[in-house]
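We've got the same protein chain twice here, in two forms, each standing alone as structure tokens: structure 1 and structure 2.
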Structure 1
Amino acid sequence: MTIKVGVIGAGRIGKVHAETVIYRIPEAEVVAIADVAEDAARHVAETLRIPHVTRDYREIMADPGVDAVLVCSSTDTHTPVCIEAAQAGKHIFTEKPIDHDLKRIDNVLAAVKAAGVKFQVGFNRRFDPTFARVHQAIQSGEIGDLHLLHIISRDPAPPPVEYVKVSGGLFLDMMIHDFDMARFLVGAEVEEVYTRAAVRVDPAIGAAGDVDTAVVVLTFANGVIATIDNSRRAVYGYDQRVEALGSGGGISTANVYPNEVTVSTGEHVRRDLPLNFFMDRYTASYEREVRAFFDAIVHDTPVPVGGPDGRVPVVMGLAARKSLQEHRPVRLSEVE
């Protein structure tokens, strides 16, 4: 069985996923790529030898030979593309978030359920080997009953302000990965969110109506307390760490470095800075999440990150923003 695949979106992540399928997923074949910027799609197609290029993704939907689509276009297109893909009977892998609006997300999930197709959301960090090991330690009881969780996620530099204006902001664009990671690691649902945030990096981000520095406290139904801290700028590199404390011990992760060298002299002990870009830090996780999607198709098993997993972090992001605006803890039931 060879799964015929259409890629929608020829930007950075679209190219990465297309490369993964072409070079690392033998049971799948990319047969088409679409992007409104047709030149970008054509460039990726020529580089990767994808046979069909179009600026209209509907051509892919109309092709009965396409079995699955990878939705890598801008967030504002995810809902219509996913609904049309479901109605066309295509299995769907979509980048996060599904949408910024819960009603639109629910429309997608309803279409997917009615069509009976596979639907996976791209929360790639679950597939990172380091974070997977933390998950194993917590869920197996290796560190006892979990009490506290702390997630650090800091970008090396802020994105362009024009991106900030359409991204959904820090809570729905950046921290949404950490909301998902918190649920994944704790293995329970969040009941309450409390946010403190400010503009400490770039005044233009504040002028755009967003924040660039934030701490969020999550209270889980099982009693676990988690904190997430985000910053749009860590001058030393891409800072991605987790620490968990349980009744029987703890587990923590370090940043990933381009090498393991430590230089020691009479003046200092130092090493190179950590990896500076998310595409470098999470290379393995991008491959593993796409592989899991196609495994679910081939073996007709549930996808590891389904529609509800894509919806809940958006609820958490909306609650975090409401908490910041109203200066109080917010229960998730308030924004459902």
Structure 2
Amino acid sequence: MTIKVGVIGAGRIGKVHAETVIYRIPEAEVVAIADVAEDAARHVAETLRIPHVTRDYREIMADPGVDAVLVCSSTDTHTPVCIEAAQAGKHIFTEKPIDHDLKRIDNVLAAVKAAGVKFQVGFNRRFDPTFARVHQAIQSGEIGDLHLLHIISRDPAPPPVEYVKVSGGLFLDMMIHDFDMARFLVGAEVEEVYTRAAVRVDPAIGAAGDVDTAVVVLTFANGVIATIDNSRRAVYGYDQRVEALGSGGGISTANVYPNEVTVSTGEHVRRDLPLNFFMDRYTASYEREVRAFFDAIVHDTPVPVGGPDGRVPVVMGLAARKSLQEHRPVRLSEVE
């Protein structure tokens, strides 16, 4: 039996996930793709030989032959699409964040629970070989009990200011990944958040009400203290690293480079810049997260990144923003 899949959203990430299903998941098949930009959907469908194309994702919901959907449409549509998919009894893989509003997220989670379908959130970085190896080291006790964690997460360049205005800002569109990473690596829940942030990269970001440079301190229930360091612009490329200290040792990670070449000249010993584009840096993770989603369906096991994993980082983002506004540490319970 092959799992029949509908893809909602034919943008960059929708296309990547569709390719993964088609080329890498023998147990699944993409039977339809929907996008309000029908031309985009049609183009992807032709390239990937997807039989059905539509402007209206509701056609996919209405098709009883579709077993699962990949929700890759814009963030503001995630809630209604996921609720409809749950009500239609389809397993759901949705891009993150589920939503910026906790009440709407709760509605999604309630619908998913009522329907008894699988629901996975696309925090792909957990599936990156490097971060997965850090997770393994921490969980296996390779460095003893974890004491400190430091996450560096910097984009090569800021997004358009128009995006910043609707994205929920740095804490919800960018640091949300690091909130997830922190929870994933520490294996416990955060109790309190403290934020220092500034506008250093682009005044237009400040004018739009956001920050572009931020440090957040997280205090976990198990005593771990973590820091997250975000910048909208690292001129040398996409900078994605973590460091951990435990009672039995430490871990650090390096960035990923396009090659393993070092050139020594009369001036420097140098490497080419690290990978610049997140889809190059995290290529393997996209395939692995989709693979894990279908494994959970095939074997009827829990998904690795479920509803609460999609909800908590939004709570953390709201708390981080509140901490910045009120200039004090904020407990997560305050924003619930």
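Numbering runs along the sequence of structure 1, starting at 1. Note that the rigid core is defined as the largest set of C-alphas that superpose within 1.5 Å between two forms. Predicted, not measured: the structure shown is a model, and the values here were computed from it. Only residues modelled in both forms are compared.
Asker: Which number goes with the form predicted on its own?
Answerer: Between the two, the form predicted on its own is shown as structure 1, not structure 2.
Asker: Once the core is aligned, please say if the CA of Thr265 is shifted by at least 2 angstroms between structures 1 and 2.
Answerer: Yes, its C-alpha moves 2 Å or more.
Asker: For a quick check of understanding: after superposing on the core, name the runs of at least three residues, shared by both forms, whose CA atoms each shift 2 angstroms or more between structures 1 and 2.
Answerer: Only this run moves by 2 Å or more: 265 to 267.
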